[in-house]
Each structure stands twice: as structure tokens, then as C-alpha cells.
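Let's start with one chain on its own, the form predicted on its own, as C-alpha cells.
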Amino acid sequence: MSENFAGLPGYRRFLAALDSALRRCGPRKRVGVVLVRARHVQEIKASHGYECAEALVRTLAGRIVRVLRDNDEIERIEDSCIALILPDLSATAQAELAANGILAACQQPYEAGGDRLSPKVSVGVAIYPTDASTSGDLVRCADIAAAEATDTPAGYAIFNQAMDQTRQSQRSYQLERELEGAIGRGELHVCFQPKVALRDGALVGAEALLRWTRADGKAVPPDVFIPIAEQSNLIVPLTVWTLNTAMRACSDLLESDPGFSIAVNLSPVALNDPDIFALIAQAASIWCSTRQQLVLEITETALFRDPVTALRTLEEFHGEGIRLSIDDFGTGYSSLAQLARVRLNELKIDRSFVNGVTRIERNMQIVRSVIDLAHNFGLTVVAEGIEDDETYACLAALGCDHGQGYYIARPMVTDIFLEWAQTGRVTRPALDLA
């Protein structure tokens, strides 16, 4: 679905009418959604002016109305997009006949400023309940079909699931191409989420988080671009770039405070790359006063991709003095087995346990047990997702060493984080933890 649909009055009216049609749809009946996209509208605006392009779309709408049934509905939902509701269909073939009729009506020549234009449209069709069960999803499916129709001789397309998979693959491919040049274009940046000692609120480190904002100003979420990077050959250079950028930005803190550390997430794919140890060790040698100022966060599941290679690489990091942390502890597999196999320094309790620690007795028992277990292994314990003062105080009383979360501080861009590190540390009155 086009991203600007949702803000258009016509689109909202169309969704309301479509919702009503879906509610009225009887057993063994179907509702068709048809999107008609006028092509080359921008080129017509440039060559003949806005009024000509506007008149063209209105003319197309008028032609479409003449081939519709009395109970069909029509709405203009975008500058160059007309949407139709075809209720009470008994077969998909009826929607296909409608698409053919719309194409025939729209392709008649059009007079514009003395020129004879041949309008071109792409028609996409989606069917309820076969393709989707909600109005928004039906429009999305019809939009995908309309895009597919652009490359078909017929000029129309009926949605099928393979189209959706193809579009997702195309989007991933496009994002991968954009991600390749994102560093050079200055679109990537690092944010820092502070980590504090729960006993007194002193800053002990920060987690470096990679963020991507494209040239058009749109942010691409990490859960979208990180999998793309992992599937390509980009995850290792992105990891090394994040590490160097973060440690360069915090070089003064690293130099002045040997206890301050930077944590970087290490993808399972990167962990198994043959060059990753040398690249990270080199970065640590440049920026760290001591190797312990670098913390590599890995998930439990990272050890299952290629256990032999992963364990060997982790041993190399351990031998170099770089600290290792198990992230999201409790959400992976064979947690206790991993503690026995890997020489770790830190354990991070997953936020799903932390969030309910003051309200759910079972969460309290789990967190207390994990803290005791980790301390028995000589590990530092970090709680993720601390959202309020009660949770903070409870974790401190349970003996949790460090914490991070929105209550302490949200992720910050470099300048704001460095200022916060100097003036905004979380200060708590000394807690009686005896």
C-alpha cells in the first residue's frame, strides 16, 4: 500500500465503505477491491501542466463509472489512483471481467491541449475473503497486484501470495543495495544507551546501537535492516564500523575511566566469520585503555549456528581480554549448558522477566535465581528494560549489579550522550543492601 494513503480523506472514506461491504457480504459471496493507477501522471504534469493531468484522472474516473454496476462503489484515494468496491461477487472471474472492462474504457485516446494522448493504467484486483480478511489488507493486496500489472501485457493482475513474496524480496534487495552505500552517504549513526551500577547509579558503560536514516529522512528499523545485512556480506563491515565509531566517539571516556565499557551486539553470522576476531581485536587495540573496556554481546542461539567455530572464536576473544556477555538470557536454548561451555563475563536478564519483577511472583523468583546463579559463576548481572523506580529498587535489593532501560535513559545520539555522561548520571541515595 502506498504510504500516503492513510492521510487522504478519500482513502478513509473508501475504507469505511469497504468495511461496510465486508460486513454485508453473505455466505459463498465475495467482495472485489480494484485499484486503477493512472501511469505517467507526473510526466503529463511536467509537459502539459497540473490541470491537464487532473482532467485526465477525472476523465478516467468518469469512464470507469460508466462500466460499473449500480451497487459498485468508486473513490479517488490518491492523486493518480482510483479505488473500486465490487460487492456480491459469486466468482473471481467476475472481478477479472470488470478489470478488462475498466482497461478497455480507460485506454481510449484523450485530448489535451491539442495533443492526443493515450492513457495507460495498471489495474490490480484483490478478493475477499480469499486474499485478505480486513479492508486495509485488501487494499494492500490490490496495490501489490497493480504494481505487478505494470509489467504484464494484460495491464491487470489478480493478487496471489507469490506476488507478496516477490515484492518483499524486491524490497529486501533494494534495501540491501541502499545499505551498501549508507556508510559513504553518512546515513548511519550510532546511539548510546547508558548502563549504570544499580547500587549508586554511577555510569559504568553504554550499549552502542546502530541506526539508519535514509537520505529521504525515513528511518529504517534495525529489525528490518539487520536481517538484510546478515543475509548479505554486510554484517561484518557494519559491526566493525559500529564498534570503531562508538569507541572513537567515547575515546575520552575510555581514556579517563578504565571502568567504563562499550558494548556492541555481535550477530551470529558475524561471530562465525573467519575475519571477525582480527578486525575486532585491532579496533580494541586502537581505542581501549584495557581490553576489558570492550563488551561483545551475543545471544544464546548464536552458539547453535556453528558451535565449533563460535566457541573457538569466543575463546580467542576471551584470551585477548575482551569481555563476553550473554544477551537476552532466558529466551534461548540450554542456558545452563552455555554457561558451562563459554567463559563469560556478563549475563543480561531479558526484559520479559524484568518488566514484571515487582508484580509477578514467578518473575521475582526467576530473576533472584538467575542473579544467584550468575554470581556463583563469577558473572556480572545486567538487567534490561528497567522502566520505573520500583523495578530499579527491587533489582538493586536482589543484588543485580547493573541496569539499563528507559527509566535510566533512552538511547541518545553521540553529543547528547556525552553531555549526559558528564552531567546527567542517574544518582540514587545509597541503598541499604545489607
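Nothing here was measured: the structure is a model prediction, and the numbers come from that model. Start at 1 with the first residue shown and count on from there.
Keep in mind the form predicted in complex with a small molecule is missing from the figure; the text below concerns it.
Taken together, R24, D72 and D137 are entirely out of contact with the small molecule in the predicted bound form: none brings a heavy atom within 4.5 Å. Here is the short version: of D131, E148, E297, E300, the single residue with a heavy atom within 4.5 Å of the small molecule in the predicted bound form is E297. Only one of H318, R291, R199, R351 lies close to the small molecule in the predicted bound form, with a heavy atom inside 4.5 Å, and it is R351. The candidate stretches are 203-211, 140-148, 247-255, 271-279, and the one lying within 4.5 Å of the small molecule in the predicted bound form by heavy atoms is 203-211.
Using a 4.5 angstroms limit between non-hydrogen atoms, P222 touches the small molecule in the predicted bound form.
Using a 4.5 Å cutoff between non-hydrogen atoms, E346 does not count as a contact of the small molecule in the predicted bound form. For Y406, a non-hydrogen atom is located within 4.5 Å of the small molecule in the predicted bound form, even though that partner is not displayed. Among heavy atoms of P411, some come within 4.5 Å of the small molecule in the predicted bound form.
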